[in-house]
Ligand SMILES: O=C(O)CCC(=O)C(=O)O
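Presented as structure tokens, the chain that follows is alone, the form predicted on its own.
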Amino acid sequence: MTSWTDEYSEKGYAFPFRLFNGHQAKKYRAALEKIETEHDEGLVKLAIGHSNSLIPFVDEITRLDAVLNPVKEILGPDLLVWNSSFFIKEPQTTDFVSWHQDLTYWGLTDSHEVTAWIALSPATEQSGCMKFVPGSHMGNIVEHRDTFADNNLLSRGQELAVEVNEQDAVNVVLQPGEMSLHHGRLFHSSHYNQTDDRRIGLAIRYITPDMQQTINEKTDATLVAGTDKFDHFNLKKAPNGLLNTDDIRAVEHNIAIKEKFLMAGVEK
């Protein structure tokens, strides 16, 4: 019988993994939506885009054994969180994520990366679940083009400059509290949310400590398993509290460094 790790190696993804029950998923969702209602738009946007650095319950999720154990089976015992962010599609909207590869603009020297995508609300075909192209991680990073489309949830509206046959794609249907894992070179996308509920997912980007940025500056990362013998990143601890001032200042500094590769070639 083929193991899920063999399938991951062949296809570039694996799902679903049950992390916690629906009741716990609702608690996490309620905590997120409380932040959205109690803070101004700019601060909420910062928290959503850099969630493990600013929101304690997200840091908690990144360290759950149910999340880490399968990631360790792919990457090994030593794990850093390079970033985590929420992807939220409001009900009956045209927000989408174009076909892309995660590692395209991250300025990392290798591909020892796994993205864990965790559903806090139902991710279905109707709500705009992710779609994966099996085996597309086997090649290199392909050319992307920037669109900066208003309803594209990606930072540059980046999309593959090659055609993708939608019939080759697999729908990644997840219930609240379930997770998928995918490789940083895998072709993936997601479509509109046609339901009356929000589609909320948390993406956590795990890397191994031997990775490093392609620029001569360290970015921040959080050691969540094992040890770091390389010192390629500025290791950050858990958040000091919800939207802590010192944490916000550190995130803003980290953003300024990351923009050198995340927005390379883009005019201000």
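The first residue of the shown sequence is 1; numbering continues from there. None of the values given here were measured: they were computed from a predicted structure.
What comes next is about the form predicted together with the ligand, which is not displayed.
Although the partner is absent here, Tyr192 lies well away from the ligand in the predicted complex, with no heavy atom inside 4.5 Å. In the predicted complex, the ligand lies farther than 4.5 Å from every heavy atom of Tyr105.
Although the partner is absent here, Arg199 sits close enough that one of its heavy atoms falls within 4.5 Å of the ligand in the predicted complex. Within this chain, Leu68 is remote from the site of the ligand in the predicted complex, having no heavy atom within 4.5 Å. Only one of Val97, Ile74, Val164, Val173 lies close to the ligand in the predicted complex, with a heavy atom inside 4.5 Å, and it is Val97. For the residues Val81, Met130, Leu181, Leu120, the 4.5 Å heavy atom test against the ligand in the predicted complex is passed only by Met130.
Contact with the ligand in the predicted complex, defined as any heavy atom within 4.5 Å, is confined among 236 to 244, 32 to 40, 202 to 210, 221 to 229 to 202 to 210. Residues of 77 to 97 lying near the ligand in the predicted complex, listed in sequence order, are Phe87, Lys89, Val97, the criterion being any heavy atom within 4.5 Å.
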